[in-house]
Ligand SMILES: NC(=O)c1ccc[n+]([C@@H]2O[C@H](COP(=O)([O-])OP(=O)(O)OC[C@H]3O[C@@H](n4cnc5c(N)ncnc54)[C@H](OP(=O)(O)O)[C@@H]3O)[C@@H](O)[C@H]2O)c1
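The chain below stands alone and is given in structure tokens; this is the form predicted alone.
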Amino acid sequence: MKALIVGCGDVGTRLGLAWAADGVEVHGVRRSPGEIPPPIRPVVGDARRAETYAAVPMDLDYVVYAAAAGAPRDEDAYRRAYVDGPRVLLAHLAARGAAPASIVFASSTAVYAQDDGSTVDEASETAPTDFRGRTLLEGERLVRAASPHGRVVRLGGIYGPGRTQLIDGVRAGRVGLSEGGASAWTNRIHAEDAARLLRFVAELPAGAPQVLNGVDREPAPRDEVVRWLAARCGVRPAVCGDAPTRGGNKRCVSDLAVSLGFSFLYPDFRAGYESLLADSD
């Protein structure tokens, strides 16, 4: 078995190591290959350049595109990461006659523009109002149109080791409760579960759903998360005004993934953040 992971950052590396531990030959694309741990085979290059894939075998079983824009406020960076990169990769695979069993695109719940606290599943409308969601949706369509085995995982906010901004902010008083007393719903997933879900989707049989939400089992109001973290950290939660929530105000659900057999290591924010806090105590 062989796999290609484009974007071996935190989640991509977790995925690659898990596959490699089970005997899969994993090739990982990253601009800084020295940061890719063995036994993942590093591929030096830019995902937008076909020559990056010259040395990658084309008898691939799985392809996962998990690149990140790196600049969340830069529309050009989003287009390079989520449209240009997939387009070049898909064209290269087609030109070389590659026929992987699945091609998985790591997208985001940003493609859902619902902002009224409503419940959102994979059948909900995708009508993003900002460039982030629109660009991601364009990338999704490229992957799904290129192959009947093209699949999409719409990830919520990823947290985990090295992604503790919320914990740090609550502890320092930079992140607090909404002044108005009513905060937006938030959606998240632990980095380990994100990697596990990408693998799960890649390994689904032919005919499986093409789109799955990648969020834990409990969307939660932002203030509820802040209060829990403050109590766990032994600090009084600050009140920081009605700061906008980047993910909007919606309750994304992952019922479809669970119905297909996926189980979460961290099914809610308490389980996930408790693991991080226990490591830092």
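What you see is a predicted model; the values in this text were computed from it and never measured. Note that residue numbering begins at 1 and tracks the sequence as displayed.
What follows is about the form predicted together with the named molecule, which we do not show.
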G16, heavy atom within 4.5 angstroms of the named molecule in the model of the complex: no
Please tell me whether any heavy atom belonging to D59 falls inside 4.5 Å of a heavy atom of the named molecule, as the geometry stands in the model of the complex. no
Given that the named molecule is not shown alongside this chain, does A106 nevertheless sit within 4.5 Å of it in the model of the complex, heavy atom to heavy atom? yes
My question is simply whether A257 lines the interface with the named molecule in the model of the complex - judged by any non-hydrogen atom within 4.5 Å. no
Identify whether the named molecule in the model of the complex is within 4.5 Å of every residue in the set R30, A67 and Y82, based on non-hydrogen atoms. yes
With a 4.5 Å heavy atom cut-off to the named molecule in the model of the complex, the contacting stretch among 91-99, 116-124, 154-162, 203-211 is 154-162
Heavy atom within 4.5 Å of the named molecule in the model of the complex: which of A220, V253, L229, A47 fits that? Just give me the one. A47
What residues in 8-41 sit within 4.5 Å of the named molecule in the model of the complex, counting heavy atoms only? C8, G9, D10, V11, G12, V29, R30, R31, S32
